[in-house]
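The form predicted alone is given below as one chain in C-alpha cells.
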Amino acid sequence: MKKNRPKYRQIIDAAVIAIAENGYHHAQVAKIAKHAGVADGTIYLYFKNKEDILISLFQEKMGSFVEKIEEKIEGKETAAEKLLMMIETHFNMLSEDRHLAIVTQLELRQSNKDLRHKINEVLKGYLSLVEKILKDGKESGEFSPTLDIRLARQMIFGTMDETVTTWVMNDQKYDLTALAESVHQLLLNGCTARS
C-alpha cells in the first residue's frame, strides 16, 4: 500500500539525488528528507532505515527498467531486435537520469555483503528478461544451438553494466545511447549461429 502513495515515490526520487550527490554513506536520512520536502520522521513511516531506502529505490527503478524494456521489445520479431531494444533502452534510461546512473553504477557497489545479496535478488527479474531473449534466439535458430544461456546472460549484462560504469566514471562526457549499436553488434557476434 505504501508504495502507491505519492510521498513514497517522492522519497525514492529524493534518495536518488541525495545518494548521487553525497554518496551512500554520507546521504543521511535528514538529507533525503530535505530533498523530498518532508520531515525526517516521515521517512520512517515508509522505510525502516537508509538500507531499506536503497533496496526499495533499486527495486522501484529496476522494476521500471524491466517494464520499459518489455514494452519496447513487444512486437519485435527477432531476438537480435529485442537485444538491441534492451541495450538502447537500458542506456537511454540511465543517460536520461544521471543521478540514477551514479547510484546504480557506483553507490550500489560499495555496500556490505548482506546488502549485495538483496540487490542481487532484485536483479533476478532483469536477468530473466535477458535469458528469455537468449532462449528465443536459440529456439529460432538465430543464436547457436550450443549457446550457454547463463554465461551469455552474464556477458550481456556485464558488458552493458561496464559500458555504463565507464560512461559515469568519464563524467558522462559522451552520448551513451549512441554506443548501443556497437555494443549490440559485439554481443550479437558472440551469440550468432555459425554455418
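Don't overthink the numbering: it's just position in the shown sequence, from 1. Every value quoted in this text rests on a predicted model; they were computed, and no experiment measured them.
Beyond what is shown, the protein has a form predicted in complex with the DNA; the following relates to that form.
> Does at least one non-hydrogen atom of residue 157 fall within 4.5 angstroms of the DNA in the model of the complex?
Looking in the model of the complex, residue contacts with the DNA do not include residue 157, since no heavy atom lies within 4.5 Å.
> Within a 4.5 Å heavy atom cut-off, is residue 135 in contact with the DNA in the model of the complex?
It does not: once the DNA is placed as it appears in the model of the complex, residue 135 has no heavy atom within 4.5 Å of it.
> Would residue 39 show up as a contact with the DNA in the model of the complex if we use heavy atoms at 4.5 Å?
Residue-level check for residue 39: yes, a contact with the DNA.
> Should residue 9 be classed as touching the DNA in the model of the complex when contacts are defined as heavy atoms within 4.5 Å?
No, residue 9 is distant from the partner.
> Only one of 65-73, 124-132, 49-57, 140-148 gets a heavy atom within 4.5 Å of the DNA in the model of the complex; which is it?
Of the options given, it is 49-57.
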